[in-house]
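As a starting point, one isolated chain is supplied in structure tokens, in the form predicted alone.
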């Protein structure tokens, strides 16, 4: 089980495709899993993988503080924090103050708040693993993506700073950076924009050396690796799961 059996793992954005796949994989590896999401679990997805569920807006500090305290009391101290939750605002130089406030509050602020209130639990455990989700968008410029990319660059910076701060506590902090992943969100976005799904899939696939989009299970496997003892000498690093996107 690679040292994961019995560990408590909290996944933000837990009802999203990537967060849910990560939670499912960690459950299969023997973890007790808590899925956290802004939306209610109306489909009972958490029950399908025997995970706990908490509805939470991670941008609200007092709610985050209370939730983390409740988790510690009712479930136990968290060993693994997987920050997949993200706000998607795609704007360029025309971004408004409201646009920046909205995306920063979740992608940077929310990620930071979760770490702030989970790290003390990890210290009590004698260590832990934080996995922050960035993206290939955290490495390159993309047209009219300034708001989103800026936060993904920032998450990589947070990771490297926290890795230095938390190493003495035995807490490893790494960033997972997916390329284009074929998800329900991708399909829904195509439908919303009136785009041909297959054509957009071919276009996205061609951006990767492996000539396809990734699968959520492949990202989840990387989460399990970074959470486990297999990555015990890795901290402050960026793990690319991008099919060669950045090698082109």
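Positions refer to the first chain, counted from 1. Given the structure is predicted, the values throughout are model-derived calculations rather than measurements.
We do not show the form predicted together with a small molecule, though everything after this point is about it.
When contacts are defined as a non-hydrogen atom within 4.5 Å, none of 129, 162 and 239 contacts the small molecule in the predicted bound form. Proximity to the small molecule in the predicted bound form, taken as heavy atoms within 4.5 Å, picks out 146-154 from the listed stretches 146-154, 93-101, 116-124, 167-175. Not displayed here, the small molecule is approached by residue 56 to within 4.5 Å at the level of heavy atoms in the predicted bound form. Contact annotation for residue 71: none of its heavy atoms lies within 4.5 Å of the small molecule in the predicted bound form.
Shown alone here, residue 89 lies farther than 4.5 Å from the small molecule in the predicted bound form, counting heavy atoms only.
At least one heavy atom of residue 181 is located within 4.5 Å of the small molecule in the predicted bound form. Interface residue among 62, 48, 39, 211 relative to the small molecule in the predicted bound form, by the heavy atom within 4.5 Å criterion: 39.
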